[in-house]
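Below, in structure tokens: the form predicted alone, a single chain.
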């Protein structure tokens, strides 16, 4: 018996089954409809996956804001020195031997602000004690000023940075920015009559300007005080011819003090 069906016969048989209500093809293996229903219930009851947890990120510390808060909390020069010693955001501290805070007489009429400690200053823990510092002492003596004297003839000396930069390099802008709140508080607590800025870095920090050959000898105002920019003694050691201008600036300082500022 020929069992081959032509396409027309097969299509007719399929139409006949559809008319009878057949809507699925019979597979080779039986299908357990109860098992399929149970599996569907499991999938529906499965809890949704928990949202991915965002990793915790440590808050960024603003070193300038922290320096400002620490400096503002210092009610005395001793407390300010302690605050500087506790400030850990300036990497210069890690490589320095000493915290170089100040020298001279607190409350003196003249406050001298240098740039940063050198090797000798780092070793002794006082500003301006090397060759440049010795020259500074000789410069001040003829106009009646010194470190160990009464308030009217004394000077009080500090630096923009209290820690020595490696190889005596210039301070970086971020290092200056971190130290400025401490320096401003230092000036407020020392309360001098006038400020002398020694060198380019101190002018940049306090006045926001560089170019000491142009700035020197010209009185200006900063931090609520009269300010006189001068050549740094280290510059004078390298350029002795500039001592004439430095002497003129010292005479200007002496005259200002005599006027009572």
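Positions refer to the first chain, counted from 1. Nothing here was measured: the structure is a model prediction, and the numbers come from that model.
Note that the form predicted together with ligand URA isn't included here; everything after this is about it.
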The unique member of 183, 116, 108, 84 whose heavy atoms fall within 4.5 Å of ligand URA in the predicted complex: 116
How about residue 216: is it within 4.5 Å of ligand URA in the predicted complex, going by heavy atoms? no
According to a 4.5 angstroms non-hydrogen atom cut-off, is residue 162 in contact with ligand URA in the predicted complex? no
So if I measure heavy atom distances to ligand URA in the predicted complex, which of the stretches 123 to 131, 186 to 194, 75 to 83, 138 to 146 falls within 4.5 Å? 123 to 131
Could you pull out the residues of 230 to 255 that have any heavy atom within 4.5 Å of ligand URA in the predicted complex? 232
